[in-house]
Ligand SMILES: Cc1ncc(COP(=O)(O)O)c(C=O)c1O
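In structure tokens, the next block holds one chain alone, the form predicted on its own.
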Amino acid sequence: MSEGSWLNRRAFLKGAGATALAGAATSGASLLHPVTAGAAVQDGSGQFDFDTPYDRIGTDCAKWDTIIERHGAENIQVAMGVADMDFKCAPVITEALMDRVKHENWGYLKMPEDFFPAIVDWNRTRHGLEINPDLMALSDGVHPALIAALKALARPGSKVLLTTSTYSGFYMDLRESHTLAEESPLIIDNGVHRLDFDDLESRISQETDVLILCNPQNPTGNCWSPEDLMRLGQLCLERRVVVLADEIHCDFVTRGQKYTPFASLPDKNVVNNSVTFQSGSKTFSLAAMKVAWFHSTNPEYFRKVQDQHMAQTNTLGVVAHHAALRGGAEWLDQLLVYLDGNHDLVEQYLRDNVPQIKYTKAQGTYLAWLDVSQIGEAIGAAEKAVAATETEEEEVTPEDIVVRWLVENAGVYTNPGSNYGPGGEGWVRMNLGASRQLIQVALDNIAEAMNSL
């Protein structure tokens, strides 16, 4: 990136608030008076400032720098792809890290005695979930832990059930564990995605060992109900399919919704047929810190996964997570209100100003799953994808074409729905874990681009 482009980016971020406020006057959504009335933190006036745009460019940031390198700084005003957040972390985390850095020695770490109790207390307090610390282990990420579980509980070459659209990283985990995807597309009912139990059951065979459950669901944002989870769990138990529950987004639910831990279900046999994976990496935006954990109520499953797993956690990651779990609750509580306002803004703005894009407010996560099929039709995305595939000698999907169109015409980057398996056709994923001022800029740019069609 040139020095001029860098300075232009800096200037944009410094002026984003004024630009967004000016745009809000004509868009029908005000930054000073958010769509959803609620706590003062929705407009950035609470104890923690989520509203001032935070510049991450030039820090080797995957969400911003990678996309700028790919598309050019002149084409990216708002990067809304990779699922981490553009906020300063909770102050308690920074304070703990700075305190630890003062001790200038980085030898082997003895795990703090209070670390596992902090995880147990967090789950009990926030989710009513009791975890046996003797059946919990640390990992350097949900991915390494999931891969270990797949190697332990799924035969090489066996089928792994995925309810799609689902997190794209699962496909990498399957490759690493030499297992194969068996994809069951979700049903869309008035904008809400639902499990297709008939299809799920039809896809279970003697070759099916495992189902990966994403709860809450990425990218759709669904928080699965206790009834759905019980029905799914009983089906898997009856058919001898182990449930691996990725619950990394568990701390993010929108107003009026509820996350139900799979391990909290009332049927002990169903729960014993599962392993759960969690981390603070989404909750506190600590992906770079490489700390996660997995737990089970089944000693045999737990031992088998441990036999395939070797944790590679690091000192600063443990310090950051420990500080977050013990002191970050208030920061998170205020963040959740702010994120809820972001979801409301996007839903109402698109309904009022860009009806060609459909969005039903997510039940959980800070991700918005947008139906852009009408954009695809308007710009001839299917035909352009065929032509691009021939030219670029790799598969280009219609969703890739829509993403490129949004970059070129609105300066906004999103993730193509085709990344998330069957059911992602005609969709993109938008990350709302950012200042509402930047989200307003993105929405205004998209509206202006759509007016040009």
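In case it trips you up, residue 1 is the first one in the sequence shown, and so on. Bear in mind the structure is a predicted one, so any value in this text is a computation, not a measurement.
Just so it is clear, the following notes concern the form predicted in complex with the ligand, a form of the same protein that is not shown.
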Problem - in the predicted bound form, segment of 195 to 203, 268 to 276, 282 to 290, 355 to 363 with a heavy atom within 4.5 Å of the ligand - result: 282 to 290
Problem - Selected contact from Leu211, Val346, Ala154, Ile248, since only one has a non-hydrogen atom within 4.5 angstroms of the ligand in the predicted bound form - result: Ile248
Problem - Single option in His143, Arg100, Arg124, Arg255 placed near the ligand in the predicted bound form, where near means a heavy atom within 4.5 Å - result: His143
Exercise for the section: Would you check, heavy atoms only and a 4.5 Å threshold, whether Asn218 touches the ligand in the predicted bound form? Expected result: yes
Exercise for the section: State yes or no: in the predicted bound form, is some non-hydrogen atom of Ala83 no more than 4.5 angstroms from a non-hydrogen atom of the ligand? Expected result: yes
Problem - in the predicted bound form, Trp331 touching the ligand (heavy atom, 4.5 Å) - result: no
Exercise for the section: Give a yes or no for Phe115: in the predicted bound form, does one of its heavy atoms lie within 4.5 Å of a heavy atom belonging to the ligand? Expected result: no
Practice task
Pull the contact list for 161 to 199: residues with a heavy atom within 4.5 Å of the ligand in the predicted bound form, in sequence order.
Solution key: Tyr167, Phe170
